[in-house]
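Take a look at this single chain, the form predicted on its own, given in structure tokens.
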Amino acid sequence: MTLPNADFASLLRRTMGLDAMSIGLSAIESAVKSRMKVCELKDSEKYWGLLQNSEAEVQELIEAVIVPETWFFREREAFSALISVMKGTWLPANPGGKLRLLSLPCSTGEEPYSITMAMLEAGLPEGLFQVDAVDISTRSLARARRGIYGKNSFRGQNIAFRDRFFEPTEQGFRIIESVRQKVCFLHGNMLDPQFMSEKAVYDYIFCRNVLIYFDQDAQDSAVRMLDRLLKPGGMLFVGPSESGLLMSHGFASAQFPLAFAFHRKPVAQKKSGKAAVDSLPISPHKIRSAIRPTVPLVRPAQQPQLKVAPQAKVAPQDSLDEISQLADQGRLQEAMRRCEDALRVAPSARVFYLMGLIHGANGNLTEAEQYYRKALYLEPGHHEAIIHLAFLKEQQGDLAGARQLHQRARRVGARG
């Protein structure tokens, strides 16, 4: 007898909050078949029986479903915002105090190690902060504790931190001991009612790009848990596609462009009944709002065919870095003008990607999709453009299209 994939999807929803539509039933089927092969079982009903009587095998199935996709200083603006608020607000208010930070889920360790490196780079003494890092995957935690990473964990143009904080080995780059000892890795399920009940609350929490994979009940439970763990005045960092969820649960933007940082909405604002989005600056949070574009989205077949001369000039790298900095600072109109100037030199995947970000920040979702697709036309492996296009698809309700793009991003990342 063969059990339907929906039964296994239901089990994963109960144990880890997974919304099967976020990854597709085919991905769950693949994970089940993989575990059946390891267990030397050909009948899915027998494997189902094993799952009912073995917590260890349920954990193995969870491990098979999880596909880590992360890298150091992913969405760097969040780390810049962290340092800014830490120096400008936390340090003056907590002389001699100890800063507590949480990375959840921490996957294979790139995020909590990035937090630690950012703190050390900012000059915060080692004794003044501690980073806790939690994940449901024991395999990911083992890799994180090992602290050795390949080139896929180092992406983007700015990887100078690798020279300072890593040591080259035959297996890859090993993070130095002074960074490793600042991170405490813990195994845990964030949907467990007793999750971290004994832990003190945190000043800053990173919980990015996981809530989008939960069903609504799991999302609600997770946000309540995060609210419980966050200190008054603390800050919560989420993924680009999770901003709307936070605003619907009484959080307000911390108004750091492109950082996706939130804090509890002031009591007076909650009583006023105003929508959270009313208080937001023009920022990428609007990408994740419930508003849909009112005109048809441009499909790939409708894309203008860009002809790039073989010897076309390329905008200087420092010029593109300046445009990125303008966008990071919220100077979106100026950044857009600079992008248009750069396009007069030559079409560029990075310029089109930046224009997609800026249009998305202004709520122009149709234009944002067009520019992400133009970036991918010139550079099919542009990882960030794929990821942001996937987020747009999720916001528009096209989960199948978003899933295909996330799979494409994973393939690109694996080749990177």
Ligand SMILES: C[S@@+](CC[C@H](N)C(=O)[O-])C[C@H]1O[C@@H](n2cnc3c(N)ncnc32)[C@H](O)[C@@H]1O
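Residue numbers here begin at 1 and follow the sequence given. What you are looking at is a predicted structure, and each value in this text was computed from that prediction instead of being measured.
Here the subject shifts to the form predicted in complex with this ligand, a form of this protein not shown in this document.
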Using a 4.5 Å heavy atom cut-off, are G88, F129 and D203 all in contact with this ligand in the predicted complex? no
Taking any heavy atom pair closer than or equal to 4.5 Å as contact, tell me whether N364 reaches this ligand in the predicted complex. no
My question is simply whether T70 lines the interface with this ligand in the predicted complex - judged by any non-hydrogen atom within 4.5 Å. yes
Check G188 for me: does it contact this ligand in the predicted complex (non-hydrogen atoms, 4.5 angstroms)? yes
Against this ligand in the predicted complex, would S114 count as a contact residue? Criterion: heavy atoms within 4.5 Å. no
Among 247 to 255, 339 to 347, 156 to 164, 132 to 140, the stretch whose residues bring a heavy atom within 4.5 Å of this ligand in the predicted complex is 132 to 140
Only one of L41, I66, L378, L50 has a non-hydrogen atom within 4.5 angstroms of this ligand in the predicted complex; which is it? I66
Within 4.5 Å, heavy atoms only, which of K199, R174, R74, K265 is in contact with this ligand in the predicted complex? R74
Can you list, in sequence order, the residues from 213 to 228 that come within 4.5 Å of this ligand in the predicted complex, counting heavy atoms only? Y213, F214
